[in-house]
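Next up is one chain by itself, shown in structure tokens, the form predicted on its own.
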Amino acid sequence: MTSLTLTNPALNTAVPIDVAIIGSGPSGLAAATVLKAAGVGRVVVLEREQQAGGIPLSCGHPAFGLREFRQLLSGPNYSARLVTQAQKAGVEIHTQTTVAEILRGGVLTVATSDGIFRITPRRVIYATGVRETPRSARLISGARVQGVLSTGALQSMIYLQQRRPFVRPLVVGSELVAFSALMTCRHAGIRPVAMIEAEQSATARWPCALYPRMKGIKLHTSTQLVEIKGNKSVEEVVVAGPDGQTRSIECDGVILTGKFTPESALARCGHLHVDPATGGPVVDQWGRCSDPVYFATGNLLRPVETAGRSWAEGQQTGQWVAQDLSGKLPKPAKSLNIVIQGKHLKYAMPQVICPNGDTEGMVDIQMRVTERVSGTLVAHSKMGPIWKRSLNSRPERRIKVPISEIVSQATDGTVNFEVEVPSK
């Protein structure tokens, strides 16, 4: 296989690559920009799509940019600002460039229109983000018909292809992205017949749940999608309500929102350790993967945060990688493994803490719960309980555990977290 180093725009020079970033969403572009600002020589962003910018490219409504630019921007304008910012800093952005394989030591197999090459940057940042869970993985029964879309597919169809796939769909889910789907529908003149959520209340924080009501769209909680019916396209769905009774709703489409999973196929097919709980790579508090040449950032680490938070995390990761290149990031002499137990906790990230470093990484261990729960969040080491606090949380609410409070009690081995719920 040919050994080649990427340039911009040609792919034919031997200038060494210092950092390659896989993915050009907010976190990847932020990391690249910070790296250049820190004086790192050659930074390249590898993007498989025709245009850089990530998921916000297909979000035509305004909800972006307040954290980064102190302005309310549409998704495409926000992405364009991030791309311009990176290019002005000296970042090389290579679109229609697919990383087909990641190997030990930072060797990447890259596929372009010119062929397949291998590059060996000094460090690699993995920033491929997340995707919504498709129908096949949700185990929804019924006819395999047209008109069943994820939010991303809907937005791409409307904003990028100027197509309207239906006019009276059912929206499934109430995560933040579900309300983005409602905005997209409104832009296209689509009026959803209803919105359903399996939990007892909307997942997104108040006042998001007021939005469908303002638009005359009924939000049905404790309601699940049971079956999709139709001939060539969706004609109706069967849902089960709080009492378990089923009923039919006429509609011409279904929008399946949320239930995000990290886009971690490269890690799963490669050598990096993957956390089964988050679905993303196992990382320490600097975002460093099991192969220390690789770092991960943004929503790849866990589903799901906003574009603004992903951008902020990308900035942090860029700083940590710059420190690592200059030899300032600690090498782990010992580590603390973070493990979740019981049915209530969905994941914990980072999964590894290196307590011997002076360089500050992530401040908190981030967690989520699987269902609405009230109890006590407890950390156990081999010596017994070492930390606890009361917890009252819902799914997709951000839970933070200060890393400093954990490492003050344990510096190696395993710390198990679980939620203890009082018996009724």
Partner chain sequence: MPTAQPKSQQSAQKALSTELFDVLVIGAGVVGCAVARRFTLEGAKVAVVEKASDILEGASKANSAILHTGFDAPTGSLELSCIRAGYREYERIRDDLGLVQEKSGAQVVAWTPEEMDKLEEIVAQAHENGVTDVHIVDANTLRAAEPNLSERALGAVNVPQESIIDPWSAPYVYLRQALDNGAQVFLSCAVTGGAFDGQNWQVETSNGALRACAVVNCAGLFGDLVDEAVLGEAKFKITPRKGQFVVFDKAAQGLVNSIILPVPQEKTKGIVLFRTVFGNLAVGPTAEDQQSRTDASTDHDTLKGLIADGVDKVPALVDMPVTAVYAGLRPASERKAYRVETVPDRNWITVGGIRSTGLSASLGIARHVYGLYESHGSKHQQLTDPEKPQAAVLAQTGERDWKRAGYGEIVCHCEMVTSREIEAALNGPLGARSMGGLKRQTRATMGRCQGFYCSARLAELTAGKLEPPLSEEFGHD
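Residue numbers count along the first chain shown, from 1. Everything numeric here is computed off the predicted structure, so don't read it as measured data.
The next section is about a form of this same protein that is not shown, the form predicted together with the partner chain.
Within this chain, Gly105 is remote from the site of the partner chain in the predicted complex, having no heavy atom within 4.5 Å.
In the predicted complex, at least one heavy atom of Ile116 sits within 4.5 Å of a heavy atom of the partner chain.
Among heavy atoms of Arg144, some come within 4.5 Å of the partner chain in the predicted complex. The closest heavy atom approach of Ile158 to the partner chain in the predicted complex falls within 4.5 Å. Three-residue candidate spot Ala137, Ala153 and Arg163; every residue lies within 4.5 angstroms of the partner chain in the predicted complex by at least one non-hydrogen atom. The partner is absent here; in the predicted complex, the one residue of Thr317, Thr128, Ser79, Ser174 having a heavy atom within 4.5 Å of the partner chain is Thr128. For the options Ala333, Ala100, Leu72, Leu210, the one in contact with the partner chain in the predicted complex, meaning a heavy atom within 4.5 Å, is Ala100. Partner proximity in the predicted complex, defined as non-hydrogen atoms within 4.5 angstroms of the partner chain, places exactly one of 318 to 326, 345 to 353, 304 to 312, 180 to 188 at the interface: 180 to 188. With contact defined as any non-hydrogen atom lying within 4.5 angstroms of the partner chain in the predicted complex, the contacting residues in 232 to 255 are Lys232, Ser233, given in sequence order.
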